[in-house]
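Starting off, we have a lone chain in the form predicted alone, written out as structure tokens.
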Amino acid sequence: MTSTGSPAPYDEIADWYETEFLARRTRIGLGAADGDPLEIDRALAELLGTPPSDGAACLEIGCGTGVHAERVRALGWTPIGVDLSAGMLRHSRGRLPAARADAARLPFADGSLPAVLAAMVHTDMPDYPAVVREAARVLRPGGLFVHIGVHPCFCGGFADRGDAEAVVIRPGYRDGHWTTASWSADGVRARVGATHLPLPALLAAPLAAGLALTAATEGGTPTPSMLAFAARRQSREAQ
């Protein structure tokens, strides 16, 4: 787990995640090898973009094994990370410098970072709005927060994605809840569960944290499986 709570579930699956799950994602067309079908790379390029100065730090919260570090580095940022799971962090060595820490209690000073990234992790966090508030705290004025995650409207225990051409949405979307229900028994969610936030609650999180939404995008076909947005901490003059 990558925020408040026990890290045990991710510690238990860390080796499987690194050696089997990531390799299978590539084989079945969910990795960079087949052209970024979830459009995570595109969202990073569009929303995170290039840094204000070469090599500026971008903190990834819930960085896990560091699978996004190479993409962040290619944009000109210096990726750093935090995660609660020591097992996942063990596999991040060599990908980015990272520390074991709770995303809701970041070991960084107020206003100290130019960018914070949350990539495909918000469903792992029991109180994601608290995590976003903490991200806003450590951002410097004008700093950028980028969220990339599974699409709240089309992914979750209520969404049957067993047929890639026809996602079936069942009752339960509006109920914020934790569940291990998943269309695939071979994925992460069936092993560690997921916390669901409906779209309004997800978009309200950066606004409540004092961030200003600046851009958004979706990815995946034929029904979007990814939703991403960018938000900035307002400068002192704008507050």
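The shown structure was predicted, so the numbers you read here are calculated from the model rather than taken from an experiment. Quick note: we count residues from 1 along the sequence shown, nothing fancier.
Although it is not shown, the form predicted together with a small molecule is what the next lines describe.
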Quiz item: Given that the partner is absent here, does H68 sit within 4.5 Å of the small molecule in the model of the complex, heavy atoms only?
Solution: yes
Quiz item: Counting only non-hydrogen atoms and a 4.5 angstroms cut-off, does A103 reach the small molecule in the model of the complex?
Solution: yes
Quiz item: Does at least one non-hydrogen atom of P206 fall within 4.5 angstroms of the small molecule in the model of the complex?
Solution: no
Quiz prompt | Close approach of Y17 to the small molecule in the model of the complex, 4.5 Å, heavy atom | solution = yes
Quiz prompt | Answer option from V132, V121, V72, V116, heavy atom within 4.5 Å of the small molecule in the model of the complex | solution = V121
Quiz item: Since exactly one of A159, L139, V146, M125 fits, which has a heavy atom within 4.5 Å of the small molecule in the model of the complex?
Solution: M125
Self-check item: Location of the small molecule contact in the model of the complex, chosen stretch of 42-50, 195-203, 173-181, 60-68 [non-hydrogen atom, 4.5 Å]
Solution: 60-68
Quiz item: Is it true that Y10, S85 and M88 each have at least one non-hydrogen atom within 4.5 Å of the small molecule in the model of the complex?
Solution: yes
